[in-house]
Every structure is written in structure tokens, then in C-alpha cells.
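Take a look at this single chain in C-alpha cells; it is the form predicted alone.
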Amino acid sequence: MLEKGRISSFQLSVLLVGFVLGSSIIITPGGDAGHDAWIAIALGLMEGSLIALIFTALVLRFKDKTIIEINDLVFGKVIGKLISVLFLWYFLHLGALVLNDYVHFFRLELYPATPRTVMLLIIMLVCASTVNRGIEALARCSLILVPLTISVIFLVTMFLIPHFNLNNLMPILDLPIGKLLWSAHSVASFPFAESVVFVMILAFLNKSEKGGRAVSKALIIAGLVLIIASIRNSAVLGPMVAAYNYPSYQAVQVIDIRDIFTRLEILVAINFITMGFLKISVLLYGTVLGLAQVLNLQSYRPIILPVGILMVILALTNVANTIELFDFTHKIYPIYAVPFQIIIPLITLIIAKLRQLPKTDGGMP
């Protein structure tokens, strides 16, 4: 195997929580639903959990195998490789989109004069260095960063309680059901169903039978954190929550405790740096490991930097500005991601069941 490291189900859960929070730390999902965004997140969590059941059932059916190896077994070498390349494109493209989230946030809010290329290269070098150390190192990073991030989210939420106006959450369900369901599906596709990239990581659990429960726990925890953040932002910002690209950043700016605790929005930026780092690293890891398996390489480490640079180039050319990025995220991405998140894993699982794969040496499943 190209990866000899092993992680526990707890490490998997923590890493997945960090992955889901990723860009969602600042780009609160369900923004199209206004003050009902928390409902859209709850519905999106349910849809995303169902999607996760599909790909976890698929990967755990084939013990110790990534989706690349599974595709070869289910579809054959030729078609399997083609499907695997589609997955790798999705991982690479998603990584570029997260890099775009990084760059546009920092250029708008913190470092407007810093060239995009410089920021992207710095981020990518850090992520590439971590991926080079393997899945165990990445999982250990999450054990430190994710609890700190969640603690900061709850801390700033407590500081914002005096600024809450619960009337801003009323009336509940004050939007057409079609718009709410679309917003919920958008939330399911970003961020919950993006956890499909863990089809490259579940194979390295030291106890594979705990994989399904670990994924479910992680999605629920991340979903609850996002629901709390969404309610907090709506309660503080009111109708203006839908007007801001980064509502969490804007909400935390109102904290001012005796002129001592002020400008705490930097904590939101730090959270985004840490969770974005985990998300980009997971996507880079999945891409390079999968590419190494497709090309039958002896190691994935020599291609980490080239693939990382390719991801940076794609991020530089993918979208022209912030408006185009958000337009793609809200209108196109929920449809674009469906084949990778739902259709292909579901078809693969159905064919595997029909063909009674995997088979033992005696020919029985």
C-alpha cells in the first residue's frame, strides 16, 4: 500500500469535523434562506448524512481499499480508471475552490495589497508539507486544531449573547418551500457531502467496522456547530445577514467588552486559517494518493508539490472575482457536485451488491 499509516475512528471523526467546518467557518451555509438558514442547515445535514451512508457503505464493504481500487474491482481496469480520474478531478477542483475562498476572504478583509499568487503559494506549501508526512500527521494536527476552533466559536458566541435579538429569527419558515429545499440541498452539497473525499481515507482506519459511526458522529457535531453559528449571526445581524459575504466575521466585529475585548474578528480569521488548512490538506492528500494509485506509482510523495502547484494554478484561473465565486457556489455547484457525491458512489454500490463483490478466494462474497 502507498500509505502505511493508520488512524483511529476518533481521529477520523475529528478530522472530518475540521474538514466540514473548513470554509463554512466564514461562509455560513444556507445564506439564501435568510434568517431560516439554520433550518436549511438542519435539513442539509439530514441529506448529507444519507449521502455519507452511501459512500461509507461502499468503502467499508471493500476493507482496506480506497475508491480508486474499488472502481477497478467493480468496473474493470479501463472504465474503473476513467471513473477514478473523474473523482480526482473533483478533488482537485474542490481544493482550488477552497483556495479561492481563502484568497478572496483575505484580500477583501485583511490583506488587500498582497498578491493572490503569494498567498496561495504560502498556503499550499504548508499543506504540502503536512501531506508529505502522511495521514497520521494530518490526523494529529486535527486533534489540536479542531477542539481549539470549536472552543473559540462557543466563546465568541457567549460574548455576543447581549447583542442577540431573537425577533430577528422570526417569523420561522417565512420563505417558499421550494427555496428552502434548494437551500437545504445547497447546504448538503457544501459542506456535508464534500466528505465524499474520505473515500480515500476510510481505508486507513485501524478498526474499519467503526467507520460508519465515526462519519455520522462527525457530521452531526459539525452540523450542530454550524447551526449555532447561523442562529448567532441572524440574531446579531438581523436582515443584513443575507447581505454579507462573511456573516460570522461581521457578527463578531460588534463585540466590545469595556474596550478590552474588541476586534475579536481576528479569531474568526484564525479559525478559517486552521480549518481551511485541514480541508485543503485532505483534498490534496486524496488527490495525490489517488493519482499515485491510478498511475501505479511506488509513492505519492514525489507528486505532492506538482499537484499542489497545479491546484494553485487552477485556483488562479478558476474564477475571476468574489462575485463569480459565490455565484458558482450557490447556483451551479449544488448541481455540478451531484454525480461525484451521489450518483457515482450509489451506482458503484449497487453494482458491487449485484455482482456480490468483493469475493473471497472461494468465490463467495
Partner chain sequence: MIALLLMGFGIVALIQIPGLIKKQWWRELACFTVLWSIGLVLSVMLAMGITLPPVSTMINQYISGMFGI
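Just so it is clear, the structure is predicted and the values come from calculations on it, not from any experiment. Residue numbers count along the first chain shown, from 1.
Another form, the form predicted in complex with the partner chain, is not on view; read the next lines as being about it.
Comment: 91-99 is the region of 223-231, 191-199, 69-77, 91-99 lying near the partner chain in the predicted complex, near meaning a non-hydrogen atom within 4.5 Å. For the options 60, 42, 50, 297, the one in contact with the partner chain in the predicted complex, meaning a heavy atom within 4.5 Å, is 297. Checked against the partner chain in the predicted complex, the residues 156, 291, 219, 268 give one hit for a heavy atom within 4.5 Å, which is 291. Shown here without its partner, the chain carries 164, 178 and 180, none of which come within 4.5 Å of the partner chain in the predicted complex through any heavy atom. The shortest heavy atom separation between residue 27 and the partner chain in the predicted complex exceeds 4.5 Å. Within 4.5 Å of some heavy atom of the partner chain in the predicted complex lies at least one heavy atom of residue 318. For residue 305, a non-hydrogen atom is located within 4.5 Å of the partner chain in the predicted complex, even though that partner is not displayed. Contact between residue 313 and the partner chain in the predicted complex is found at the 4.5 Å heavy atom cutoff.
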